[in-house]
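Single chain ahead, by itself, as structure tokens, in the form predicted alone.
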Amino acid sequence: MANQKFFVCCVAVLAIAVASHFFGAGYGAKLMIWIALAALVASTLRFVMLIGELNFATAAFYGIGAYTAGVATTMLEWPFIVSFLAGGVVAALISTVFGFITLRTKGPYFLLIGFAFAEVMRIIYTKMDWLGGNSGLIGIFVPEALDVYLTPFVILVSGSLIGILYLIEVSNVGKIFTAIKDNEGVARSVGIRVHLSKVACFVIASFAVGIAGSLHAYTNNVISPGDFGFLLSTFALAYLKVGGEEHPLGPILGAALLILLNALALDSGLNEHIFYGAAIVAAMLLLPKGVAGLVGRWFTADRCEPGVKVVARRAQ
């Protein structure tokens, strides 16, 4: 069943990527890129939640990926594919050290360390003149041959990474991560190396979010410290909570819904921060399992026998 769902999702991502090519380079294409990147970042946040931790250092590794790609492209003049992958690799290497040290804590302590790390990295960017200081880096472009296909490229890369995270989640490795979240003591008693497993989960997610940072740099052409503050992690949490954290499609649904609604809200003059804060509150009160949970209940009710439907609707 998991393989069938994965195949259907692959076909859907491919179809969306092909369709996005016809949007050109206008506002519609920008929206699709923002949704793809937001869905990938929210999916990495959900992936770390498999071990029971909320990773607010996501913004830091997103920025590390973006700045690595920017430096490799504009200063070192490395080939595009090397610069692009370097964002993910450097983010993974730094996250190995960060995760090995900080994942000995958990819960609110780990969350606060991640929050502080994101702010420290943002301040470091502002203090380093060779990184452009507060102005950031400019001139981060993809090769001319890829420029026409940039939107499909971003969607394919983001969709592929989300698919890989899903395959890991349903594999035996993913079951180990979930077992750690359920009860670390029991997992340790059956021989699972809990700390190293947590670090592995964290590094995988950080590589993916580093690649998302590379994509951000190439699609915006300009990066600055203000792009990588803790609000980036807060927005990712909003996508996750609104879409639903129990299903892999939740981050995608949440990102698409909130970014499209936010685009409409900005036109009406509503503050972006107020919008996302209100979205989290509304999701917690009205949709505890998010949009994915609501859609799942509809499908379940439609497949039930008439007598069971009444019970299912009453349960809702």
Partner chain sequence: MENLLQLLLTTVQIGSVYVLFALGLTIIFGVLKIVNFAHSQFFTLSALLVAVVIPWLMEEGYSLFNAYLFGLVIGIAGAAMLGVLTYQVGFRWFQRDMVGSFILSAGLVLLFEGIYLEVFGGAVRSVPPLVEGTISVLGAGLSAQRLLICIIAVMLTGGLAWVLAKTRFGNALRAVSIDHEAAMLQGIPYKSIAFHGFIFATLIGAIAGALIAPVSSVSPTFGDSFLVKGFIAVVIGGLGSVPGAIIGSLLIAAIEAFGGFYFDPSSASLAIFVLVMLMLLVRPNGVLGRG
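Numbering follows the first chain given and starts at 1. None of the values given here were measured: they were computed from a predicted structure.
The form predicted in complex with its partner chain is left out here; the points below concern that form.
Peer 1: Honest question, do T102, F115 and I123 all end up within 4.5 Å of its partner chain in the model of the complex by heavy atom distance?
Peer 2: Yes, the whole trio is in contact, each within 4.5 Å by some heavy atom.
Peer 1: Can T74 be called a contact residue for its partner chain in the model of the complex at 4.5 Å between heavy atoms?
Peer 2: Taking the distances in the model of the complex, the answer for T74 is no, it never comes within 4.5 Å of its partner chain.
Peer 1: Though only this chain appears here, would L285 touch its partner chain in the model of the complex if you measure heavy atom gaps against 4.5 Å?
Peer 2: Taking the distances in the model of the complex, the answer for L285 is yes, it comes within 4.5 Å of its partner chain.
Peer 1: Given that its partner chain is not shown alongside this chain, does R193 nevertheless sit within 4.5 Å of it in the model of the complex, heavy atom to heavy atom?
Peer 2: R193: no contact with its partner chain in the model of the complex.
Peer 1: Does its partner chain come within 4.5 Å of any heavy atom of F230 in the model of the complex?
Peer 2: Taking the distances in the model of the complex, the answer for F230 is yes, it comes within 4.5 Å of its partner chain.
Peer 1: Among 65-73, 254-262, 276-284, 27-35, which stretch sits within 4.5 Å of its partner chain in the model of the complex, heavy atoms only?
Peer 2: Looking at the partner contacts, the answer comes out as 276-284.
Peer 1: Since exactly one of A86, V199, L165, L237 fits, which has a heavy atom within 4.5 Å of its partner chain in the model of the complex?
Peer 2: Going through each option in turn, the one that passes is L237.
Peer 1: Looking at G226, G139, P108, P143, which has any heavy atom no more than 4.5 Å from its partner chain in the model of the complex?
Peer 2: Contact check passes for P108.
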